[in-house]
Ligand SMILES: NC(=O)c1ccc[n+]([C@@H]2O[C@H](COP(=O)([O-])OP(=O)(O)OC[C@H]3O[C@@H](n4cnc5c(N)ncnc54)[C@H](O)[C@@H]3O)[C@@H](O)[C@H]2O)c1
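The chain that follows stands alone, in the form predicted on its own, written as structure tokens.
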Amino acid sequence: MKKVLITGGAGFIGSNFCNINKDKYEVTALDNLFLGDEKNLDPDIKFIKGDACKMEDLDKVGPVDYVVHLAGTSSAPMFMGDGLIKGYMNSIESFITVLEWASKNGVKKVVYASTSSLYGNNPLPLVETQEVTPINHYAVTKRMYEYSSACYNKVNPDMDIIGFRFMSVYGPNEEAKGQFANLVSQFCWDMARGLAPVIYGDGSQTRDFTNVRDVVQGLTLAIETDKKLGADVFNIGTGRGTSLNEIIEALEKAFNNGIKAKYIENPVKEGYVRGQNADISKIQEVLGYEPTVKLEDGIKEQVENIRLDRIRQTSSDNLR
């Protein structure tokens, strides 16, 4: 059985990867629990409390065949104010440390999270071949991931280092992220509390809302393929942009509690992304990826499985 290390393994995407693939791989979740929660993991999954920035913590894992790197500063708001320096340090140090550790320990592939934030307001649909200019500090660190991966792969071509530009990912096990969670989760939590979700502007802005199960599918396909991918980068999304108004409509239908959204003037004056939807033809052609979770089904699942008692922080304004 293949051995896979998931850094950030008790977090949102990491825990879903572990739980879905626990019978397919021998998985080990490494997490410092800053944005993760050990309760996200099924009881039979091996968990190590540790920091991906520390070589000694990675050494506790032992030999593995593959690494899925999901640790590090995970959203643009985490770089604001006093979080800026720590955000850069945590993001970059964890990635380079993992690459060094993987290279020294004969890992076959490192699969990592990049971001759709790199595209900013590029023409739609978003294609991997487009020129990108990061619009925030978070995106800058992810662009650094991609450049660093290319350099590492030239030095060690036997180890593929594959990046995925996640679109707007939602799904279960996001409670520990609190105010940094996806908008679907934040809106859902607000409505469950009897609060009106807050929409910036008129709600016509779109995002490619992608269920975490489909993200796990893409990561798994990268591990399973026999193709040499080098330091390639793929979009993961659905190929469809959905407006925030459509999300609210679906949530209102699922809750049926009479709560309506509150619309306010958009306070984000620079770099606000008006539209997002991915061209997914590359990942379809190379890896055989196909999105499987319909948005209405994913939202219904969110509503049916609300765990408000596990949310660390109340929802607050995010980049909508």
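Computed from a prediction, not measured in an experiment: that's the story for all the values here. Start at 1 with the first residue shown and count on from there.
The form predicted in complex with the named molecule exists for this protein as well; it is not shown, and the discussion that follows is about that form.
Proximity of Gly275 to the named molecule in the model of the complex: non-hydrogen atoms within 4.5 Å are absent; the residue sits far from the partner.
Proximity of Val64 to the named molecule in the model of the complex falls outside the 4.5 Å heavy atom cutoff. When contacts are judged by a 4.5 Å heavy atom cut-off, Asp51 counts as touching the named molecule in the model of the complex. In the model of the complex, the named molecule sits beyond 4.5 Å of every heavy atom of Pro197. Only one segment in the set 247 to 255, 28 to 36, 282 to 290, 262 to 270 has any non-hydrogen atom within 4.5 angstroms of the named molecule in the model of the complex, and it is 28 to 36.
Residues Thr97, Gly163 and Gln217 are none of them found to lie within 4.5 Å of the named molecule in the model of the complex, as judged by heavy atom distances. Screening Val110, Leu126, Val169, Ala222 for any heavy atom within 4.5 Å of the named molecule in the model of the complex leaves a single hit, Val169.
Comment: the named molecule is not present in this chain, but in the model of the complex one of Ser149, Asn211, Gln186, Asn90 has a heavy atom within 4.5 Å of it, namely Asn90. Annotation for 114 to 141: interface residues with the named molecule in the model of the complex are Ser114, Thr115, Tyr138 [heavy atom within 4.5 Å].
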